[in-house]
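Only one chain is included here, represented as structure tokens and corresponding to the form predicted alone.
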Amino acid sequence: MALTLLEKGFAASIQDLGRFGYQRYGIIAGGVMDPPSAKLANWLVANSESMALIEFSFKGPSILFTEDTLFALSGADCRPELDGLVIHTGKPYFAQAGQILVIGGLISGSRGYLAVSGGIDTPEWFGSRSTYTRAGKGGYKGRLLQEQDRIPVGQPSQLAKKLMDGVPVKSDLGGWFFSLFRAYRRIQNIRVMPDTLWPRFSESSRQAFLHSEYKITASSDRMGCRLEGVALSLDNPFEMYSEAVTNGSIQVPRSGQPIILMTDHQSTGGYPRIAQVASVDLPLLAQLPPNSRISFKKITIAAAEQLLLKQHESLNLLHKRIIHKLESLIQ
């Protein structure tokens, strides 16, 4: 099975949940920018949540289905069409061989996900199919997707096969859908924990960091979210050795404008870090487009852990509801 890309959209690439255990060798974890949305798309087509899919930014690709396929879209809001008929995100659709999916521009949010039953079946590199463009490895030939790429697809699960054989998913099922119910347009309050270097920043910088707004700039990408706002500074500037960094580390370079490290961040960094974004807020941050405004709220590590556990519980419940819905369609 395979898909053919007719229009590449913007920055479309193959991603999964990431490549773990190799950062000590300088190999990034990578993976999808918004894991909850990617998991939702996979669940909707009866895949395991770790299967590879297509991630796109700002404008989605157009896809020719060369074989009958169950697919679903999630993440940013958009107005996709299947052979000219409007479809929706958050529910599975059945595409017959020869039909064309046009995703088009994103309305709200920055990143969308297209999952197909069976998952994208490109070769693994160090245990993951995620695209690592700077190394030219993983994904589809180690690069962003291009027109006429023929993307291999794996075998659908038994549940997906039954859904494709059933009438309901081939027709309009009404208004049901599954969503993470996020809003991207208002000012977002991002929760953070102070870094060990927090006391080295001046008192005025610490206050400005917590009590002013920052704007996400157009130079942001999968590697880092670059901010514009009150410049931050140290009490006494110093040179530091590169240290291990992680997803959500907030570095402050000499310009004083913070950079939040995102999914494709390097494994070490030499800029002072003022804080760490709580993991629970990273998927939301990844969806904010340029010119979005954010503010920071300081929380404890224990509070961040509780928020993450609560998010996991909510996602587990959502997964169960989706499985129940899919199974009800074939009864």
Partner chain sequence: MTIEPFGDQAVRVIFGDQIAPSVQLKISRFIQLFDQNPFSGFIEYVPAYTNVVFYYDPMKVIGSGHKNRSAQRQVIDYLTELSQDVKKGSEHESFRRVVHIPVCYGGTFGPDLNEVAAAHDLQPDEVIARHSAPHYLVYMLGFAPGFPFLGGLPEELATPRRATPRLKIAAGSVGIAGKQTGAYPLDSPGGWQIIGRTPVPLFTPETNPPTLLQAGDLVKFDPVTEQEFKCIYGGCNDGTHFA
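Positions refer to the first chain, counted from 1. Source: prediction; values computed, not measured.
FYI, the form predicted in complex with the partner chain isn't displayed, but the following is about it.
- Exactly one listed residue, out of L144, C78, V245, L101, brings a non-hydrogen atom to within 4.5 Å of the partner chain in the predicted bound form: V245.
- Contact with the partner chain in the predicted bound form holds for all three of W125, A304 and H312, each having a heavy atom within 4.5 Å.
- Only one segment in the set 211-219, 153-161, 80-88, 192-200 has any non-hydrogen atom within 4.5 angstroms of the partner chain in the predicted bound form, and it is 192-200.
- Under a 4.5 angstroms non-hydrogen atom cutoff, the partner chain in the predicted bound form lacks K320 among its neighbouring residues.
- For the chain shown alone, F10 is not a contact residue for the partner chain in the predicted bound form, no non-hydrogen atom being within 4.5 angstroms.
- At the 4.5 Å threshold, heavy atoms of A231 stay clear of the partner chain in the predicted bound form, well away from it.
- Contact check for R206: every heavy atom lies farther than 4.5 Å from the partner chain in the predicted bound form.
- Contacts between 128-165 and the partner chain, taken as any heavy atom within 4.5 Å in the predicted bound form, involve Y132, R134, A135, K137.
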